[in-house]
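Okay, here we've got a single chain as structure tokens, the form predicted alone, with questions on binding and movement later.
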Amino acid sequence: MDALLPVANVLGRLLSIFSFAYLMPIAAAIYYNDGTTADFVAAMVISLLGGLTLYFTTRANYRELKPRDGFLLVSSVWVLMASIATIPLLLVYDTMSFTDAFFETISGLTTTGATVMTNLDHAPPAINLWRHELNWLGGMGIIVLAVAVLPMLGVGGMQLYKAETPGPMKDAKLTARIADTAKALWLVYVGFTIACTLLLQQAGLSWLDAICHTFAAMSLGGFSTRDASVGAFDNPQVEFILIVFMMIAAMNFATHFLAIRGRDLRTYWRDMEVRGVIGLIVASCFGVALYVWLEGTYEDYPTALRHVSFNLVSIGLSSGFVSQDYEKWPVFAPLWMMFLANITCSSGSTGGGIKMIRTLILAKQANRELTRLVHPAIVNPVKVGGSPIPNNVVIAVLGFIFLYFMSVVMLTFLLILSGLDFISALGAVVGSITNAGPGLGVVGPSSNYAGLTDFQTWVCSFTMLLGRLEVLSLAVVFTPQFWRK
């Protein structure tokens, strides 16, 4: 038990820092006079006092974190932050259960964008801003944000960074110090956020809608201030801007940083993941639009291309915005979009799924095995972008992908066992584990997750966290060997 106290100490520090996130909705509540100011102030005070209490009661147990501490902290911090973030929802909505409130906040922090809330068009502005701020904070990971601060608190950050950062190539460094790396990535993140907000406001959105949808786009979170999501605006310019910034968010932020620092756009071309993401998404947009048009869903190809492009980019990059009820399209289209959500986003991006780097490594490994069948003695290392991939990374990727898709299968069966039909169960699990949000069936684009039972809601909440922490970082905490000395 004593081994958990250092983790609890850092949790207290992080919770204290997290309490200042309430300042933004407090300012919005005061500005719009929406009657929620006292609720958010109370939530901030509870969060701050809880964090300080946890910190001071475990201060004597401070020590440098070990690698296993990092994994435990990452799992714990998401659950704790999501739990604390429910306070304003529970105070404002008397009839909302903790199950639904936790689902909403864990969906925000994991950038899933699935929701159980309705009547969002008339929700207090501060509540909508809070939901979207959770998206934005979760985008690059609360832990990565904290790593930039932890060195000043005397806690090393490398264990946290490796546990939280998406992708298999976690040891590559951009700067000499981990804190500098985290700061560099967040500066890029903030810069794109400001640019997207200004462009959306110029395209006709109010400042609140522009800020909220920017937070959701840059985090690939997919929350919206409207029940009909982006479809409520029916604005091609807004859709185009969101497509561009969702594509940016789906690329490795380290690549953005290197391209900006070197002032060289060729950096993107040299990144195999970027080429894979753009190539797959662009080809899918034109191909699926042609298919949907030929099936008679839309009268002309440009209209089909507009609607397919936005929804395919959004779902395929695990964002979750919708502008059309894509379940009314021929069944191939939504299934292909859900498939893309599993494989398309880059490592080091804000997206979910297995990541493009793993997709490329898996494809190269499959090709190597086929080649070995014909030429058993050949030496044929797996290469991505001309660089050989160490065998231990290849093995780790194979193990990860097995666990990922077995998780999809077993969790789908669990939801079916609980009474959900197959299409809805599969859509809910894929939408949750990829952090895309909308699924199929009763959790499709024309509805949300409000119709699920409490048990099904908790299964989806767990699945979101499993996907955001890329399976292994969470699964390892449940293994017996993790708890052995």
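One rule holds for the numbers: they count along the sequence shown, beginning at 1. The shown structure was predicted, so the numbers you read here are calculated from the model rather than taken from an experiment.
Absent from the display: the form predicted in complex with a further copy of the same chain. The rest refers to it.
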Going by heavy atoms within 4.5 Å, which of 30 to 38, 45 to 53, 63 to 71, 442 to 450 lines up against a further copy of the same chain in the model of the complex?
63 to 71
Could you tell me if all three of E369, R372 and N391 have a heavy atom no more than 4.5 Å from a further copy of the same chain in the model of the complex?
yes
Sole residue of Q201, Q365, S309, T86 within 4.5 Å of a further copy of the same chain in the model of the complex, by heavy atom
Q365
Selected contact from F286, F240, Y301, F413, since only one has a non-hydrogen atom within 4.5 angstroms of a further copy of the same chain in the model of the complex:
F413
Though only this chain appears here, would I17 touch a further copy of the same chain in the model of the complex if you measure heavy atom gaps against 4.5 Å?
no
In the model of the complex, does V409 come within 4.5 Å of a further copy of the same chain, counting heavy atoms only?
yes
Contact of Y291 with a further copy of the same chain in the model of the complex (heavy atom, 4.5 Å):
yes
Heavy atom of A21 within 4.5 Å of a further copy of the same chain in the model of the complex
no
Taking only heavy atoms into account, state which residues of 181 to 204 are within 4.5 Å of a further copy of the same chain in the model of the complex, ordered by sequence.
none
